[in-house]
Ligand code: ADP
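Next up: a single chain in C-alpha cells, the form predicted on its own.
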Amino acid sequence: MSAELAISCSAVVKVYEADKGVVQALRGIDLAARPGTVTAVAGPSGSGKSTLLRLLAAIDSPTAGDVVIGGLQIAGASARVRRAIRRRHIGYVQQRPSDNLFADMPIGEQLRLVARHKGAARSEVDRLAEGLDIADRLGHDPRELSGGEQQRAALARAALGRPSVIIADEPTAELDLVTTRAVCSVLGSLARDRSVAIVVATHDVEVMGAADHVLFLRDGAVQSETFEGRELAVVDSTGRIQLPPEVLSWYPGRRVALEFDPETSTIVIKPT
C-alpha cells in the first residue's frame, strides 16, 4: 500500500449465510482514502454501506480481497488482532449522538478516560475540545448538550490517540440542517488538522457535498465515484460497470449491443 494511504480496499467481497441462502453483500469494492480527507459512502438502504463500514472499522473481515488500515492487513486477521488495530488506528462514531457517550459522566471526564486508555496526553483533550468548540462544555453531562455538541464530543473522543482513520455512521441523521452544516465543517477541519482519513456513511446530500470524495454503492458494488464535483462511473476489475437506475428502462431486455471506436476509445451502448 502507498505510504500516503490511510485506507486501501482492493476487490473486497463479503458473503453472509442467511436463512434464504448466501447473500453477497459486497461485490469487488475498491476504495482508497488519504490522510486529511473526508470520504462519503452513499447509496440506498441495502447497498452495502454498513457492511463496508464494519470492514473499515476492523469489526469484521472480508470474505475475499484486501483491506489495509494504517498499513495493517485486516483480511484474515484474528479477532484479537482486529481489536488491537481498532484500538490503535481507528476511531468510531455511531449514528445517534447519545450512543457515543456515557449518559451520567461529564464530557471532559469521558474524554480524559479515553485518552488514558489510548495513551494520549491530557493536553490532547484540551486541544481537541478547543478546536471542536466544546471547551466550555467539558463539565457538562451529555444530556445538557445539544445534538451537534454531542456529535462534536463524539468526534473528539474518536480522534484521541491520533488514529489513522475515523469511521462515522450517519453522523448527521438526527440533526437539523444548520447543525448538519456545522458538523460537516468540523469533519473537514478535523481531517485536515489531525491528518486523519474520515469515512462517513450517509444519505445526506449536505455531507456528500462537503466531502472530498463520494463513493456511491448500489447492490454491493460501486456505481460511481465523485471527485471535485465530477461524477464518474466505475469499471471494476472484471470489466463490469453499473448503469444508473434511471436509464435501465431503456434496456428492457437487459441485453445490449456494444459499438467500439478504438480511435476515440469510445463505447456506445445500444438496446437490442
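All values reported here derive from a predicted model rather than from experimental measurement. Residue numbers here begin at 1 and follow the sequence given.
Beyond what is shown, the protein has a form predicted together with the named molecule; the following relates to that form.
J.: Decide if the three candidate residues 105, 108 and 150 all line the named molecule in the predicted bound form, where lining means a heavy atom within 4.5 Å.
T.: Negative, none of the three is within 4.5 Å.
J.: Looking at heavy atoms inside 4.5 Å, which stretch does the named molecule contact in the predicted bound form, given the options 63-71, 221-229, 208-216, 43-51?
T.: In the other structure, the partner sits against 43-51.
J.: Using the partner position in the predicted bound form, report whether residue 16 sits within 4.5 Å of the named molecule, counting heavy atoms only.
T.: It does: once the named molecule is placed as it appears in the predicted bound form, residue 16 has a heavy atom within 4.5 Å of it.
J.: If we define contact as a non-hydrogen atom of the residue within 4.5 angstroms of the partner, is residue 12 a contact of the named molecule in the predicted bound form?
T.: So residue 12 does not count as contacting the named molecule.
J.: State yes or no: in the predicted bound form, is some non-hydrogen atom of residue 256 no more than 4.5 angstroms from a non-hydrogen atom of the named molecule?
T.: No, residue 256 stays farther than 4.5 Å from the named molecule in the predicted bound form.
J.: So, in the predicted bound form, is residue 23 in contact with the named molecule at a 4.5 angstroms heavy atom limit?
T.: Contact check for residue 23: yes, within 4.5 Å of the named molecule in the predicted bound form.
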